[in-house]
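Single chain ahead, written as C-alpha cells, the form predicted alone.
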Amino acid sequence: MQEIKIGIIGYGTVGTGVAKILSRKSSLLSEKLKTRLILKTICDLDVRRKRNFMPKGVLFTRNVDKVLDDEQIQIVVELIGGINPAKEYIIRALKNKKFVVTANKALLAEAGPELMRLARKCGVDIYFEASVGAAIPVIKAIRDGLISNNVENIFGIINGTSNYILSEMTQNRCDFKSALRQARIHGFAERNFKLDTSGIDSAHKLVILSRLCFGQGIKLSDVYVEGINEIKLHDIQYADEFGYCIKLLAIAKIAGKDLQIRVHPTLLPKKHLLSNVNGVFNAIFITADLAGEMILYGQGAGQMPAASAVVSDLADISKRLAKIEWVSSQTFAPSQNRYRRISPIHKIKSRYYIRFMAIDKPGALSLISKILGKSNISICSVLQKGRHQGQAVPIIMMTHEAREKELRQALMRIDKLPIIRKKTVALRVESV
C-alpha cells in the first residue's frame, strides 16, 4: 500500500487534533483511501510543554527545516496562523514541491492568489477547507458541488464568538460585557477577542469565500467591516418587537453590475433559517442560479471539527498523489471574465433599524422625521419607549429601502441637533 508522509508545523489545539485523527483513525483512512497517511514530523517552538497527546514514532522538533527540507514529506500542514513566518514556510514548502494544507484565513485573505500562483508554477497545490467554518465543508461545496453554478449571494454567520455573544444577549437578556464574560468562561472567546467581535475574522473568511464564488482578486480592503461592540441589549429587544433578530453577517452578493462585500450586524426576520443559528455554531446561506438556495450548518470552531477539515484535505491530496480523480483548488485563482466592480458601502441600498436617544419634548420626532424626509428616507414604523419629560428616551425607527450615503448624511445632521444625547445607532436589515 502506498504511503504518504506528512509534516505538521504548529502543534497547538488543531495540530493535536490532526495527530489524534491520523493515529486513531489510521485503519479507517487506509481502508477508504487505499493509501497510508503517515505523520512523520511535528515542528513546534515549545517542545518542552506537556501535551495531552503525543503520537508514537513521530519526530518532535523545533527545527522547521526537518519538515520543509525532508524529501520524504509530501504534505506540509501549516497551523501556526498569522502572516509571518507562516507565509515564508508555505512558500518554502511549495518551492520544495510539497502540497500544503492550511487553516490560516488571515494569510489566505492577504496573500491567497499569490500563493496559489506559486503553487501552480511549482506543480503542487494548497488546500484550505479548515479556513472557513471548520468542519462545515463549504469550500468543497462551492468548489466541487457548485462547479456548474454562478453563485449569486452568500450570507454567512462565520464567527462563533460573535454569534455566541449575540445569542446570549438575545436568549438571556444580558448586556454585551456579560455575554463576553460567559464566552470567555466557556472557552468560546480568545484572549484577543477583538478580531472576532470587530468583524475582522469574518472579513478574512468572506474574502476566501468570495474569491471562490466570484472568481476575482478580492482584497481585505474591499470589505466594509463593522463589529458588534456597539450593540446594546435595547437593540436586541427592539429588533425582537419588530420581528427581527440581530446577527453578525458576512455578506457577498451581486447587485446589478456591482459586487457588495460587507460584514456588519444585521437585522434578519426571525423566521429565517439563519436567525435560528445560535451559540458557537456557524452557517452559510448560498443562492446559486442552478442549485437555488442552500444552507450549510455546523460547528465553526473547536479542536476536532477543525482537525476533521484538515484531514479531509489530506485525504483529497492523497487521492491526487495516488492518481485518483480530483478537482483542483485552483478555482481560487482570479478569472478576469467574471470580474465585477466592488460596490463601496455608501452606494448600497437597504432597509434600516435606527435608534435615536432624544430628549422627550414636543416636536422631537418631527425634527428627526423632517431631516430624514429631506434625505429621501421613508419611515416604515416607529416605537417610542417610555415617557420622561425632559430626559433622553429611545426612539426606534424602521425605514423603507434607502441609500446608505443619504442615510449617513441625514444621521450626521440629526446627531448635531440639541435634542440628541448619544450617537445614533443604525443597523442594516436583510430579508435574504
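From 1 onward, residues are counted along the sequence shown. Only a predicted model underlies this, so the values are computations on that prediction, with no experimental measurement involved.
Keep in mind that the form predicted in complex with a small molecule is missing from the display, and what follows is about it.
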query: Any non-hydrogen atom of T161 within 4.5 angstroms of the small molecule in the predicted bound form; finding: yes
query: Contact flag, G227 vs the small molecule in the predicted bound form, heavy atom cut 4.5 Å; finding: no
query: 4.5 Å heavy atom contact, F188 and the small molecule in the predicted bound form; finding: yes
query: 4.5 angstroms heavy atom contact with the small molecule in the predicted bound form for K253; finding: no
query: Candidate stretches 311-319, 215-223, 197-205, 84-92 - the one whose heavy atoms come within 4.5 Å of the small molecule in the predicted bound form; finding: 197-205
query: Listed residue (K105, K247, R211, K98) with a non-hydrogen atom within 4.5 angstroms of the small molecule in the predicted bound form; finding: K105
query: Heavy atom within 4.5 Å of the small molecule in the predicted bound form - residue from A301, I261, I231, A109; finding: A301
